[in-house]
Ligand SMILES: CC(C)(COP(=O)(O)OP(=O)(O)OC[C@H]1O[C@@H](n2cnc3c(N)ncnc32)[C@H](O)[C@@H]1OP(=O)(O)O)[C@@H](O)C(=O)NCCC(=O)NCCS
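Just the one chain here, laid out as structure tokens, in the form predicted on its own.
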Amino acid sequence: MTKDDLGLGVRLTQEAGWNHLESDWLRFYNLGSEGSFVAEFEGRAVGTTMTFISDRIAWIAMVLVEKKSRGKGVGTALLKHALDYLETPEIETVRLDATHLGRPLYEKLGFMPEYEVVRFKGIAPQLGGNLKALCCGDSG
């Protein structure tokens, strides 16, 4: 992956309904550009994944495949490539967060659920007055 591929990431994010922005992709890229990959299928860029290493723990993120290219092994190839990249003696653990779409793939490759992440979406109500008093008690 190069910086020129970040637009692909943004497009795939929007198609999947995720909330990541171009600035998020750039931040992720800057954290681990060497471990960031693009998958091509039939001559077109159709998928992404990024890896980050912190001490002895690695994270896999942004595993995205365009809808019309799913079910063709692209996600599996991306994930296996990322795992091969992370196969070093320095890394003790590889982790990732899974969506409902990705979970079967990750489990097939040996990942095990550790906990559930729940994401809420909504519109915050308009709040007036002293927010400090509202959230933290009125200390006078």
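All values derive from a computational prediction rather than experimental measurement. Residue positions are given as counts along the sequence shown, with the first one as 1.
Omitted here: the form predicted together with this ligand. The next part is about that form.
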In the predicted bound form, does His81 have a heavy atom within 4.5 Å of this ligand?
no
So in the predicted bound form, does any heavy atom of Ser33 sit within 4.5 Å of this ligand?
no
So in the predicted bound form, is this ligand close enough to Glu107 to count as touching (4.5 Å, heavy atoms)?
no
Answer for Val74 alone: is it within 4.5 Å of this ligand in the predicted bound form, judged on heavy atom distances?
yes
Which one of these stretches, 110 to 118, 90 to 98, 51 to 59, 22 to 30, sits within 4.5 Å of this ligand in the predicted bound form when only heavy atoms are counted?
90 to 98
